[in-house]
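Below sits a lone chain in structure tokens, taken as the form predicted alone.
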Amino acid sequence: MRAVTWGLHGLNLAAVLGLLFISQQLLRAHESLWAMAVLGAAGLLVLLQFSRRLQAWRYVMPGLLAVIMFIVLPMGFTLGIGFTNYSSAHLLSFERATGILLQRTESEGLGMDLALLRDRANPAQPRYRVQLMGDDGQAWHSDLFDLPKAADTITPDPKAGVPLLAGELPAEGLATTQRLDGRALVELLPQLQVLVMRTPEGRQWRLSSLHRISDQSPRYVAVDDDHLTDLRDGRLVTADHAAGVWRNASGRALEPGFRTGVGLANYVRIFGDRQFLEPFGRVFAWTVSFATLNTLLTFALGLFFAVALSWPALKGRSAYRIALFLPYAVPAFISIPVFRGLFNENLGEINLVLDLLFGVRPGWFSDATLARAMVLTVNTWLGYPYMMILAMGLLKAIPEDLYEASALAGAGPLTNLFRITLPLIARPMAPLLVASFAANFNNLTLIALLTEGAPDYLDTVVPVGATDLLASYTYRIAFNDGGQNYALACAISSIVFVIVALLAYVNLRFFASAKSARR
């Protein structure tokens, strides 16, 4: 008991230290409200450690915090993203996307060689000149100027910048200055990157390499928060907050887009747009079929082996039991790739045997029906040992007298199965079968390692295949095939979460009611 108490103290101490670290990271990210909330949770844990009145909460608080950290917060974040347009084309905030447009420049490909000269008069507060030689042979120079600060931003004002004067630098200017070498230029590079020079006709020049500048005129200038002016034609560019993009005068969306709230638009796309509804409906139907069939197959196979292993006349039952349990002991990320190799259409051993015996080579990964059959077969193999162990335990609880009476009445094995075995184990097995259904509903590992959703449908606008389950379908939309539509994937994840949560609720409510009724 003392070891358990000290273990609990250690767990709480680790949780407090972890929360303090998270709070410190949130403060560095200027998330003061979240930091205070995490700090409050850490204080609550400390209070629980020293309060005898709250002693019972010590045992449940780590679990509650884990639920909040790893379930509630991620699910809340997922639900929130589902109401935005967050995707690879809308990664940035509105302010950041606007800033990128304002920093965009136009260039005619002109350039000049740069020489930076430092004034010798006041080394403590140096001033500088530039001497330039254009590609057309035109020389330019400047009067003394102060370098901007590295934190300064480049203004789109066409009249901003250090004025350049035509011709070479006069002799007295060369005599009072010192030309900087490459090392000195590297030290001044942050300031040189925001330095703008301007020729008399208004063309602006900026640093393009350590010893070169190029003509770079701003493309846009801000009018107000929601309007920019395109300096090439003077037309307005308007922020479309509903779509999360800036649009030019002709209505074309400019890149990059920005994140914005879209309300129920992602859910409307899933259930209202035929291009999304059809693949979602196919995947949902297959997911329900897969979860149902797999639950029944694993239960049937597990029960069959459990009944066989309970046969008294069977010798060496322990060895059989260990052998039949082995598929459950091998990690899935090892077993599934092995099956992927066995079912390989060209080099797999299964097709080699079928070709030798029947002269056929089934397309396990190219035919939708065969691919689904393969997925069911592999997952049944991986899942039946769990059902077998459960069924073996339940079979031992059935009184032998029932079977003896049934034998005296002349009943056969099937009568015993349907009249005695199944009715007696059905009730305790039911909640486990529902849990197995829910687990198969979210089975991403099997599809990701075995088929990757193949074979793909060719008539859809989103990446989806015949063996995709909702979990793998969501993963592909979010991260694969160039889609990267995180918001749509989060909306689908929310739907899956609701379905699984309903299953859990029905499971708990129905079987809790049944348990109460039995009392």
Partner chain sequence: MAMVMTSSQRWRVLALHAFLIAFVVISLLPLVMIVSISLRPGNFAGGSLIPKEISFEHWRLALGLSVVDAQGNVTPPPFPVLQWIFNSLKVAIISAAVCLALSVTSAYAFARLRFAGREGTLTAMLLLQMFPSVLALVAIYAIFDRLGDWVPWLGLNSHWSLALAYTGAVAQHIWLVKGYFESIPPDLEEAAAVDGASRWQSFVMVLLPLAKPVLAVVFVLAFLGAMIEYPVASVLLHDEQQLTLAVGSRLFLFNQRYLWGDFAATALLAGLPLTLMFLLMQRWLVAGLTAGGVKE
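This structure is a prediction, so every number in the text was calculated from the model and none was measured. Basically, rigid core = biggest C-alpha set you can superpose within 1.5 Å across the two forms. Positions refer to the first chain, counted from 1.
Keep in mind that the form predicted in complex with its partner chain is missing from the display, and what follows is about it.
Checking 214 to 222, 125 to 133, 313 to 321, 187 to 195 against its partner chain in the predicted bound form, the stretch whose residues place heavy atoms within 4.5 Å of it is 313 to 321.
Contact annotation: of the candidates A478, L39, L48, V462, the single residue with a non-hydrogen atom within 4.5 angstroms of its partner chain in the predicted bound form is A478. None of E255, D143, E404, E95 but one reaches within 4.5 angstroms of its partner chain in the predicted bound form through a heavy atom, and that residue is E404. Although the partner is absent from this view, S436 contacts its partner chain in the predicted bound form, with a non-hydrogen atom inside 4.5 angstroms. Although the partner is absent here, P327 lies within 4.5 Å of its partner chain in the predicted bound form, judged by heavy atoms. Using a 4.5 Å cutoff between non-hydrogen atoms, S493 counts as a contact of its partner chain in the predicted bound form. In the predicted bound form, none of the heavy atoms of D456 sits within 4.5 Å of a heavy atom of its partner chain. Taking its partner chain as it sits in the predicted bound form, the stretch 38 to 56 comes within 4.5 angstroms of it through a non-hydrogen atom at Q55, A56. In this overlay on the rigid core, L33 has a C-alpha that sits 2 Å or more away from its partner position between the shown form and the other one. Annotation: Cα of L48 displaced by at least 2 Å between the shown form and the other one, core superposition. Comparing the forms between the shown form and the other one on their rigid core, the Cα displacement of V461 stays under 2 Å.
One change in the predicted bound form concerns G18 and C490, whose Cα atoms lie at least 3 Å farther apart than in this form.
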